[in-house]
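One chain is shown next in structure tokens, namely the form predicted on its own.
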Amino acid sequence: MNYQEFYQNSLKHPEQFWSQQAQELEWFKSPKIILSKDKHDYFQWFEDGQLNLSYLCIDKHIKDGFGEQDAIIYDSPVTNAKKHISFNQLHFEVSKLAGGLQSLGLERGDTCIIYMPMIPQAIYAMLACVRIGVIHSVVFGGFAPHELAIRIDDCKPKAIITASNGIEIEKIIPYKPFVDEAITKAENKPEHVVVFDRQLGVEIPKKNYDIDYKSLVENSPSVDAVSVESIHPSYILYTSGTTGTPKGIIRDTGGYATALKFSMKYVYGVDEGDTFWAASDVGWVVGHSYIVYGPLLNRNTTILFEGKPIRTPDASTFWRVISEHNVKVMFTAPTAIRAIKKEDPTGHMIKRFDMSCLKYQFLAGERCDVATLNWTHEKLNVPVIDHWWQTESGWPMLANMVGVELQEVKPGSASFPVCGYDIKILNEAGEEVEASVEGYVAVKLPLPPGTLSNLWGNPKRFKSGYLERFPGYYFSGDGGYKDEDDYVFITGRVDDIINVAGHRLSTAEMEEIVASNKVVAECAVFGVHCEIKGQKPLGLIVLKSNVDSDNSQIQKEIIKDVRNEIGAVASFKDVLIVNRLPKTRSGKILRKLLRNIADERQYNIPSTIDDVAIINEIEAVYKINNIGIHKN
């Protein structure tokens, strides 16, 4: 099959194209209306169709005779546990937990937060919710109680499903106490907290709202999957907002299932029955789409990995998992590869394992630097595919579609648009720019199935954030360019969202926390280059006059505050004290200039700056603190 013909067909005849792809699913009621608009005048897919994600991920495969195939392989080097879970076993766990949630009063259209480590019960909880039409919102287990409380107040869950604890390399993360603290902080109070005890000797504080997970499952009936409309929300997934307030991305059901089934075959090149591994977390969009729903929809065996790329026990753990579990296609973030490369630069540990099963290595979550891509290709000797997408899109927007036609890999580029995405590079006026000219990455409407349908409870913010800047387009928030061969290069965020090891985090939110410290007069937090994580936050603070405190103690306090409010995931470790911050005459802090100086990029001093001399002061502070010791 020719990529260009396939892709162009998806743009010229979108309804016909996606109607054909939708037929790959088993619908309870097949859709007749393929593309329509909702009450907010936004596009939606398969409006009159009915189906169920849990049924497609489990029941259908059992009905087709594959009940004993492995659905999930749980591999946890941090607990020395491994478990093979068949589709039959998955059905038992999910259908009984779904019955338990119904017995607690959860009904179709209710919301439920899932705050879990990377254990099978996290997947059971997700599939149990969609089985009964309950809208789940998975919150990454690394987020602090403050962040969890914000999400509780936004989506108002009737219940929270959590675990006694998580584990990170010889460190216990107290999930249940975090949930209790978040509920105390939140204005909205869920009725129940379902607690799975991992039985690792961790004390679980008891509350009146607690329900024991194991008892709930044991004492509940098994329930069938309910039929929901294609446009029924399957989940809410929060992503950082430029205001510091997270945005609740709403994912539909039918469009999402259609897109994921399509992507497993045509983007990732996996067949039914193959083993697929996305080394991510169910708290992120990659975990939703490619640990849980995508592989299970496609009858793939999915790997659920609880660990890190290094120190569990060493930098060989990824290669061990691939070899041991016969992984055909693997997907991880460049951060993970850089961490492995740092520990094992020659790739010697790879040679311990038979890697002949691996056909493709995909990378995403942040821009992949050329050196990392080349090292991975050299050591694994398979095509290494950098691809680009977002929480909002739910599935890849740019990729080398290996299931259609494997094309030349250009390091630094995420290759070409995926079917359904008409990607343009626009200037400030919304006009398409010439090849090699950097601009704003936008996608012509309608977006293909599976992409965001709205923001939870905030359609105005949805329109203002994504649709109003360039009418007729979805604005991605990223900058980039196309070369003369139409390969697309993503250069990074154009707002204050930074990408730390594949995690999108708001520097505005970090600034609010830093600014709340009683000795801080003003501050700026922005992302700078990091050899391991891609980006990391750097904070510059100006102290109030007559502050009589030890500077190092102030820095420690601020770092601790950010960690407590956002969590360790922020990787906020660098705070520098400066006399003043560069600003425009209107008072706007020049964060992009501060970032460019730190990253040792060429920069122009804007004519609007209020005092040019401050640039030399900032450069001196960076030099003293070894900021910007790398070259770009």
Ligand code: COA
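The first residue of the sequence shown is number 1, and the count goes up from there. Treat the numbers as computed from the prediction; the structure is a model and nothing was measured.
If you look for the form predicted in complex with coenzyme A, you will not find it shown, but the lines that follow are about it.
Taken together, the three residues Phe140, Val286 and His503 all come within 4.5 Å of coenzyme A in the model of the complex, as judged by their closest heavy atom. Although the partner is absent here, Ala568 is a contact residue: one of its heavy atoms lies within 4.5 angstroms of coenzyme A in the model of the complex. The closest heavy atom approach of Ala339 to coenzyme A in the model of the complex falls within 4.5 Å. Not displayed here, coenzyme A is approached by Lys533 to within 4.5 Å at the level of heavy atoms in the model of the complex.
Contact check for Lys588: every heavy atom lies farther than 4.5 Å from coenzyme A in the model of the complex. Taking a 4.5 Å heavy atom cutoff to coenzyme A in the model of the complex, the contact residue among Lys206, Lys189, Lys171, Lys351 is Lys171. Though coenzyme A is absent from this view, in the model of the complex it lies within 4.5 Å of a heavy atom of just one residue from Val528, Ile73, Ile310, Ala442, which is Ile310.
The stretch in contact with coenzyme A in the model of the complex, judged by heavy atoms within 4.5 Å, is 301-309, chosen from 218-226, 506-514, 430-438, 301-309. Residues Ala279, Ser280, Asp281, Trp284, Val286 are the ones in 261-287 with at least one heavy atom within 4.5 Å of coenzyme A in the model of the complex, listed in sequence order.
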